[in-house]
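Single chain ahead, written as structure tokens, the form predicted alone.
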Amino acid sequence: MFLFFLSSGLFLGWSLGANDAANIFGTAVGSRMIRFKTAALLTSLFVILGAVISGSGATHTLGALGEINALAGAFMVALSAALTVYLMTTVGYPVSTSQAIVGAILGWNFFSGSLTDYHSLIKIVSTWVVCPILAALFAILLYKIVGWIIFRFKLHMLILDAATRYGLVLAGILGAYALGANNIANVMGVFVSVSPFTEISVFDLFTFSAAQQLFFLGGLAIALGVFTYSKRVMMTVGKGIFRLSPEAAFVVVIAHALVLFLFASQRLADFLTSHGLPALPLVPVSSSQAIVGAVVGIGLLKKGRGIRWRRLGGISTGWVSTPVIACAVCYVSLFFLQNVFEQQTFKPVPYMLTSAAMERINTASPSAQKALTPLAGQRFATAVKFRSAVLQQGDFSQKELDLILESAELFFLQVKKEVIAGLDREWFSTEQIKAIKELEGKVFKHKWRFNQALAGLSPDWRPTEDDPGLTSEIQNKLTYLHSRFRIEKAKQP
């Protein structure tokens, strides 16, 4: 059954390879600096390496939009995103797998009655606008710099041609590795917590974790998509919007990489924040939008002559429609999967203001605790129903509302020995593992109580405002542990 459900993730990987390979070598192939077969081979190889070697960090960074908690639901979220990406690929439009996944997760949220973090959603959507604009600006600046270097040093045409080819190959390799490392989370991330795979040791030289085995399968699916169906989208990016010179193709790939770095670097964000400067939000951005924005930037530098505006309009329409289509497809498909095929697409997460929850709320806001007294002890089936009941009791600030929702969520956890044994020792520190072992066998009714217990046992589990990067990493680890230790109420010892 797991392998059957995993097929949707493999399909999504194939769709990603068929579409997003254009972001890596599309401009090089379109400008005839690199042959398609060479580009496909390099992309496939380094996508797999990036997924297996560096994919775990992106996968553990779970989004705040929704937490898929059932295998059948994960199957349909991945399948809905894959179908949407495939649909856009058939018409030759470069779209974002991240956009498709966001839309599918929203569909799951609506169907399951889970709350959507609209603050996070607005932040992500805003980057869909900022990303191509930044890429265009970088491309314009870099093109001027490259033009100045060529003019200043009067490079011979043969030397320039060779340097450009090597530059495109190197940029493409780095881009392919990053694609595997960052986007394997979109392909296989929803399956990590339910994977039946176990750790494999190869000749006592190195070990493949269960997650790495999933990433390898996902990487192979991406590689297959690159070889079988990516050429059309590559030509759309490389030639369909604006015909690029080899030097412009190199600039576009570098501009694309810079934009992805700005939205992904925790160190850069911490540096800017520590110096009182605004930092870009650390959210996944679309590599497709970055590439297209950079291509348009070069076209605008040429005063817009040669830009195929109709083609660009079609691509922009695809960006808008992708999350909407994925959301609708996911919602309708979940209905049929649950009501016709009788599969559990989500595990209900009830809410109740227990005595512990009321005490926690009272410590932070006595007035809020007093207003919620009529709801104490009542059980609500979904977050949406509970939030609606809370809002009827009075006006609460967003901070108070977040605290109430977090405190009342009933999420039963049991710290099991076999789960502890399977934790990634490279991701969790020795002190963190030690603290988890001290809780072995214990059962918790709320996630926040489990978090507090760990924080009381080790400073490695205590977030700090002075180090936002560390705080974010701790939260990602806690979210992962919640999914691994979760039990049904009926299964409590």
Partner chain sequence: MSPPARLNLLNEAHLTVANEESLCQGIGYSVSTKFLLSDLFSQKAILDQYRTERTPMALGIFTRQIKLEKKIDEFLNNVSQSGLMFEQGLAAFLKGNTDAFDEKLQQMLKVEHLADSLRRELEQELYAKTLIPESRGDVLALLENADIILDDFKKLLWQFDIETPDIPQAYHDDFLSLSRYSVEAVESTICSCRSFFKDLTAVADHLHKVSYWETESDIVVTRLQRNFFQNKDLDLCHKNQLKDFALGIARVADKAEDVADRLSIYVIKRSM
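From a predicted model like this one, the values you see are computed outputs, not experimental measurements. Positions refer to the first chain, counted from 1.
One more form of this protein exists, namely the form predicted together with its partner chain; it is left out here, but the text below deals with it.
**Q** Here the chain is shown alone; which of R310, H156, R379, K303 has a heavy atom within 4.5 Å of its partner chain in the predicted complex?
**A** Flagged contact: H156.
**Q** Taking 4.5 Å between heavy atoms as the contact cutoff, choose which of Y166, W148, F336, Y118 touches its partner chain in the predicted complex.
**A** None of the others qualify; the residue that does is Y166.
**Q** Tell me which stretch of 173-181, 360-368, 77-85, 156-164 has a heavy atom within 4.5 angstroms of its partner chain in the predicted complex.
**A** Going by heavy atoms within 4.5 Å, the stretch is 156-164.
**Q** Please tell me whether any heavy atom belonging to A40 falls inside 4.5 Å of a heavy atom of its partner chain, as the geometry stands in the predicted complex.
**A** Output for A40 is no: heavy atoms all beyond 4.5 Å of its partner chain.
**Q** Within a 4.5 Å heavy atom cut-off, is M33 in contact with its partner chain in the predicted complex?
**A** M33 belongs to the contact set for its partner chain.
**Q** How about E400 - does it come within 4.5 Å of its partner chain in the predicted complex, if we only consider non-hydrogen atoms?
**A** Result no; E400 lies far from its partner chain in the predicted complex.
**Q** Would V251 count as touching its partner chain in the predicted complex under a 4.5 Å heavy atom rule?
**A** Flag for V251 set to no.
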